[in-house]
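Read the single chain below, which is given as structure tokens and is the form predicted on its own.
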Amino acid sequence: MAKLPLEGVRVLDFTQVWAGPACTSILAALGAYVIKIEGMSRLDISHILLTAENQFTAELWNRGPYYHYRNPGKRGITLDLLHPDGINLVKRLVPACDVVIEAFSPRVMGNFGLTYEVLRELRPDLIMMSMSGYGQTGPYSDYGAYGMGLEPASGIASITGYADSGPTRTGVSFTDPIAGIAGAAAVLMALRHRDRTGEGQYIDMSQQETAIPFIGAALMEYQMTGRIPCPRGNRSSVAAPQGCYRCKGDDDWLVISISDDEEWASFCEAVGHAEWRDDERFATIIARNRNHDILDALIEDWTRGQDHIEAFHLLQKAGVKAAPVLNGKEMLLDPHLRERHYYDLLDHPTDLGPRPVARTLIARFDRMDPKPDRAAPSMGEHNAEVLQGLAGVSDEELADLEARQIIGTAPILDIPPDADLMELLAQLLFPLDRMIEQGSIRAVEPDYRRQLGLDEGAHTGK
């Protein structure tokens, strides 16, 4: 395989949680040397979310599955950015780096004294990207932003949900991965510009603005007709029937979307109800839309007796667009995804062992294989490698930084001096039986490692 396109490019990554890490994960998969910076007293919150075993062990903060999913392929260092020596270390790293990426609100980097104007003095062709929630200018620029707020602010929530239920979130912070992908594309364009001109540049990217094009049809509808689109649930203005129908399992569902009369006829034949095809109430897409409630009841009478996977294959083979609603377990065990090596198997040096991680860069290239070359870093794992290798920190200076907790490998928690740290950390674990009772999780399967083939040495990756 050929070299990866970003080999030799170094990225200083101040981002946390999802949007920024999604961006820098793509750059790492393309071969960039990405240095994730976090503070021991202000660590990435994805460190502390639920682990698969939900048991307290040493270094709980290095086990969070979300952290591992969003940070593969990176190096990890810790720096106290509230201490002048932490800021000085950033300035010593910048000359060795090509790109700086941050996702704070606009005032934060300025408070650190790390604006683009300051950093460009250290590296004239530096590319810096700020990917804040609302951009660096404008009346909302200093507002806090997370995905659950940016979904409505970007208009997405105005068209999701049922007509009689009001706006509904998508269930994930949809704007985060969108911003991550857009951010990676912006950095690649800036690198291309630098290759051609020798010029670095500053990129102001608003996460709100990256999501707005995803409701482009709604924007256009208002511009062309004056109508404000509203939520339609599972229905469509161009397909009928279209819906999500319950199958025979406890919580199994099948989505069906039929866009023309020929497909409708194929559907009727496939489900053994040829008489629906000849029913005048369903003869055209307009008629099917008019009688959609009747159709939904008839279709669900059929799907309730069907396995959602078998019905998916039956309808697809008949030329009908259908798909099962897969849950997390079904996604991990899906034979199609496993055959296509969708999951990278990353072996973490802690006791976590190998874990399947969804590919960061989805596209397959026949001349290169962009994917992370390592699992997500443990906290401060690469302090010595990065600070000594790129910032010229000596052994003595490194030891002094550790002694003064400018750097380190464990969180610094604000707890009373007589508190039991182990007991406090153990309290972070959520009881699984309570989560099942609340419906946060559907089931616990202690043999999940065997089902994934992790105990037998088999793997889901390439």
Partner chain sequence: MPDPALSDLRVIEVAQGIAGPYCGKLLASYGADVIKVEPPGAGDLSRRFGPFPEDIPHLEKSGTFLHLNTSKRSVTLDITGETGRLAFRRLLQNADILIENCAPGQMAQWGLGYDDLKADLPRLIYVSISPFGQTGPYRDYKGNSLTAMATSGVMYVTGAPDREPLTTGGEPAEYLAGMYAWLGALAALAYRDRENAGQQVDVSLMEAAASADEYSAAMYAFMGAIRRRYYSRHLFSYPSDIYACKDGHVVVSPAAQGFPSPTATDQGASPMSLLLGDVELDQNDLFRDRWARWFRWQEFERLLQPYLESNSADEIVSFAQALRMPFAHVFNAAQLLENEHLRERGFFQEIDHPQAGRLKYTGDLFKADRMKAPLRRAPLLGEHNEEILGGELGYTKKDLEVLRGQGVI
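Everything numeric in this text was worked out from a predicted model, so none of it was measured. Positions refer to the first chain, counted from 1.
Note that the form predicted in complex with the partner chain isn't included here; everything after this is about it.
Listed residues G392, P139, P84, G272 were compared with the partner chain in the model of the complex; P139 is the one with a heavy atom within 4.5 Å. The partner is absent here; in the model of the complex, the one residue of V90, L295, I256, M379 having a heavy atom within 4.5 Å of the partner chain is I256. Contact with the partner chain in the model of the complex, judged as any non-hydrogen atom within 4.5 angstroms, is confined among 276-284, 168-176, 73-81, 382-390 to 168-176. In the model of the complex, at least one heavy atom of D164 sits within 4.5 Å of a heavy atom of the partner chain. In the model of the complex, the partner chain lies farther than 4.5 Å from every heavy atom of A32. Contact check for G305: every heavy atom lies farther than 4.5 Å from the partner chain in the model of the complex. The partner chain is not shown here, but in the model of the complex it comes within 4.5 Å of a heavy atom of G233. Residues of 193-212 that come within 4.5 Å of the partner chain in the model of the complex, judged by any heavy atom, are H193, R196, E199, G200, Q201, Y202, I203, D204, M205, S206, Q208, E209, T210, I212 in sequence order.
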